[in-house]
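Given next, in structure tokens, is a single chain: the form predicted on its own.
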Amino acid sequence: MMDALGEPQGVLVLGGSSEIAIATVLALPRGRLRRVVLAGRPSPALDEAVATLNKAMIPGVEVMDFDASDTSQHADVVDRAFDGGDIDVALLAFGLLGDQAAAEADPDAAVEVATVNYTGAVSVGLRVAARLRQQGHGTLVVLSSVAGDRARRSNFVYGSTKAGLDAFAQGLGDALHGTGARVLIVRPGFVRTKMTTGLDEAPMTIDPQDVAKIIVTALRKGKETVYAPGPLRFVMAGLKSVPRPLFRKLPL
């Protein structure tokens, strides 16, 4: 069980090759950390994540096959992760950015993004929440995005999936209130990862390690929602208030 100082014993990463999630595991206090489960599709990136944690002397690293789009396997993955020991922090860290032009030209490509980012998250998120409720403690960290605050013409397919995910996570957090379990929603802006390689950086671009520090601090303080970096909260509040005719003209 996570102690009063925010030190977890067990961590589950859904989307085991996520650079933000791995940076978060590395940033967590290690005094009581005994077990880290990386759930993801077999890949060189997942192998690299395991090697990174092993090199950092993170104890108890395990790997489980997990495909966000295959909801039929989610119950088994979650049960195996929790049956192996209590999970204090579960990071929902998978997602597809997709390509907006490709999604508009091929609706199947858009459906794939929606299936992974939203449907898969609902499927596994509810199952994790049920086990956290049963434990009576633990936090589900949901990596959302500022793209969900207001969908933009340049990436509205991705943005709409994050908007749905964010609304789901807020409701799930309310449903867990008073059970000892909770949800932390993280809304990063542009983060330098392999997924964003080649894209033009936006203002206030940060690295995975920066997001990780924000997540660890938020866990310790018991926060429900954080932006990464923090000032994006005010930027997005301003964008949400822009009238739609004017918003269409913005180079976003």
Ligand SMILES: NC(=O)c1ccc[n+]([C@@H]2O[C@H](COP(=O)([O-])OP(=O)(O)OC[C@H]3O[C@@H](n4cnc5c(N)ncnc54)[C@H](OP(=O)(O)O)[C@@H]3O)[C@@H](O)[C@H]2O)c1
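Computed from a predicted structure; not experimentally measured. In case it trips you up, residue 1 is the first one in the sequence shown, and so on.
This protein has a second form, the form predicted in complex with the named molecule, left out of what is shown; the following refers to that one.
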Practice problem: Using heavy atoms and a 4.5 Å cut-off, decide whether 66, 93 and 116 all contact the named molecule in the predicted bound form. | Solution: yes
Self-check item: Contact segment among 194-202, 29-37, 219-227, 53-61, judged by heavy atoms lying within 4.5 Å of the named molecule in the predicted bound form
Solution: 194-202
Practice problem: Answer yes if any heavy atom of residue 10 is within 4.5 Å of a heavy atom of the named molecule in the predicted bound form; otherwise answer no. | Solution: no
Practice problem: Considering only heavy atoms, tell me if residue 145 and the named molecule come within 4.5 Å of each other in the predicted bound form. | Solution: yes
Exercise. Tell me, yes or no, whether residue 41 is in contact with the named molecule in the predicted bound form, where a contact means a heavy atom of each within 4.5 Å.
Key: yes
Quiz prompt | Interface membership of residue 158, the named molecule in the predicted bound form, 4.5 Å heavy atom rule | solution = yes
